[in-house]
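Coming up is one lone chain in structure tokens, specifically the form predicted alone.
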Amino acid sequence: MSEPRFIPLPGFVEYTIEEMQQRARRYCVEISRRRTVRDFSDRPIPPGVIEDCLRAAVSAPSGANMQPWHFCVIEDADIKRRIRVAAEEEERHFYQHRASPEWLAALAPLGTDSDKPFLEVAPCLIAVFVQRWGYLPDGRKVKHYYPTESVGLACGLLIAGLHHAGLATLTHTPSPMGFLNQILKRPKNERPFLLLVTGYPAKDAKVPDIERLPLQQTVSWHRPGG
């Protein structure tokens, strides 16, 4: 077992208290504007935007630094069409046979159904895969630790980055998603985690009239002295 090697913390910037408060508030306001969008424009995404957002995503922490993720960026119209056909087939089966009445009732305010035109209209799909195990440079198989949690963290950074860059997103999770391995020719050690749709929202895009729970219902504080 090799000895750990440490370097001085790179790039950390300390702000004044006032700057910290201002930055936290600005981030809260900006990220709170993010909404899941299902109406996309086919307008192309400027060069470099997806790449930089992915660079931010793969900076996420991961179990034992295994970085157990793979991101497939799909811009080809034929591949997007094939993904839509396969996804809609799974979605029809879900809505007709697998979804319980309670589940359908929970989905009703969102107005979703098995038709997924955004999979073809949006200029970019990002298929995210969890690598359950990987391979060392010498070819030996190595287990990945906390792969699902690690990929979830990376996806959070990716969604925030795309929003920050000025794009809309949709997290799409048809179940099962094994068709993504087949269409995108991904290996057996990878499991589809998320299909992220991204691009500009359509000019007439609409979103459900829903609200987030207030902070006091989702956060508890354990401060000194009770």
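A residue's number is simply how far along the shown sequence it sits, counting from 1. Computed from a predicted structure; not experimentally measured.
Heads up, the form predicted together with ligand IYR isn't pictured, but that's what we're talking about next.
The closest heavy atom approach of Lys116 to ligand IYR in the model of the complex falls within 4.5 Å. The shortest heavy atom separation between Glu91 and ligand IYR in the model of the complex is within 4.5 Å.
A residue is said to contact a partner when one of its heavy atoms sits within 4.5 Å of a partner heavy atom; Pro174 meets this definition for ligand IYR in the model of the complex.
In the model of the complex, Leu110 approaches ligand IYR with a heavy atom inside 4.5 Å. Partner contact region in the model of the complex: 95 to 103, out of 69 to 77, 128 to 136, 95 to 103, 151 to 159, criterion any non-hydrogen atom within 4.5 Å of ligand IYR.
Taking a 4.5 Å heavy atom cutoff to ligand IYR in the model of the complex, none of the residues in 51 to 82 make contact.
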